[in-house]
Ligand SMILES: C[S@@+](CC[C@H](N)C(=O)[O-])C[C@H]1O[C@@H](n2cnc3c(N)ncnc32)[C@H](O)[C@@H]1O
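Single chain ahead, written as structure tokens, the form predicted on its own.
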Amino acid sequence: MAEKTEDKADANIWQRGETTKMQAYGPGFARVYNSRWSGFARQVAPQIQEFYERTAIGLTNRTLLDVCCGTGQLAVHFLEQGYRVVGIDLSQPMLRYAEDNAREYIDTHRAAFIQADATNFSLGERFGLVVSTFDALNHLADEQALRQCFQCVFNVCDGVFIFDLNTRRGLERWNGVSIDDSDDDTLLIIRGIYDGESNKAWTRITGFSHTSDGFFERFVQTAFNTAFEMAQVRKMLLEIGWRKVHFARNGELAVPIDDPEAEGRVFIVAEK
């Protein structure tokens, strides 16, 4: 019954174009995300760590806040490197996977995962490094929500904030239909829409996955990305109080780029 309710809610959002400040993903999507889409977090985690540990604060401060932590793979990398990690996410199903993936660190009080909205959170501790990856902040509804997120991060960060965003050029890749049947347990049908001019791109993921009793279980998840102007992103960060802000490519976080809009995905590095 829960899966059917999730399907209907997503279908209504798809039809009406409604959004909330932050999207929360259901159990079907969380299961597939944990098994199929965690590679990006594992790829970028060592690169982020390397950049951070070359900064002044990164030499001694080993605390991390993962905003929109998903199923926790990036958090686990930093936990394995000796960091204290807190992850926040609005989706309880995603957090359950994160807790399972990091169970040994939760049991030793080095990790905590908290249900919270990226646009409205406060925590009882501060962090040297704050991250948000896999274009998570594109899922915020508008510039006001993004600014609120930046302010919340600023309030708990003592050092460096690193996140990535899809650009308009990157969102053009969402157009079309694709079918992913790369394993025997899950079939995914992905339909994307972006006109190249508006500030919203939409994708609808219909999945069929094997259950333990041999049947298939269906889920539907609708997601949006907001196209933010990179110049405005930088302006907001500086206005809030970040001292330095630069754009970079994946794998080259220390190398500023002049034209972030020419990239499909761009990393933003903000430092106090």
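Numbers for residues come from their place in the sequence shown, where the first is 1. Nothing here was measured: the structure is a model prediction, and the numbers come from that model.
A second form of this protein, the form predicted in complex with the named molecule, is not displayed here; the remarks below concern that form.
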| query | finding |
| --- | --- |
| The named molecule in the predicted bound form: contacting segment from 109-117, 187-195, 153-161, 77-85, heavy atom within 4.5 Å | 109-117 |
| A136, L146, A201, A102 - the one with a heavy atom within 4.5 Å of the named molecule in the predicted bound form | A136 |
| Distance check, Y33 to the named molecule in the predicted bound form, heavy atom within 4.5 Å | yes |
| L64 within 4.5 Å of the named molecule in the predicted bound form, heavy atoms | no |
| In the predicted bound form, L140 touching the named molecule (heavy atom, 4.5 Å) | yes |
| is_contact(A24, the named molecule) in the predicted bound form, heavy atom dist at most 4.5 Å | yes |
| Partner contacts in the predicted bound form for 166-189 (non-hydrogen atom within 4.5 angstroms of the named molecule) | none |
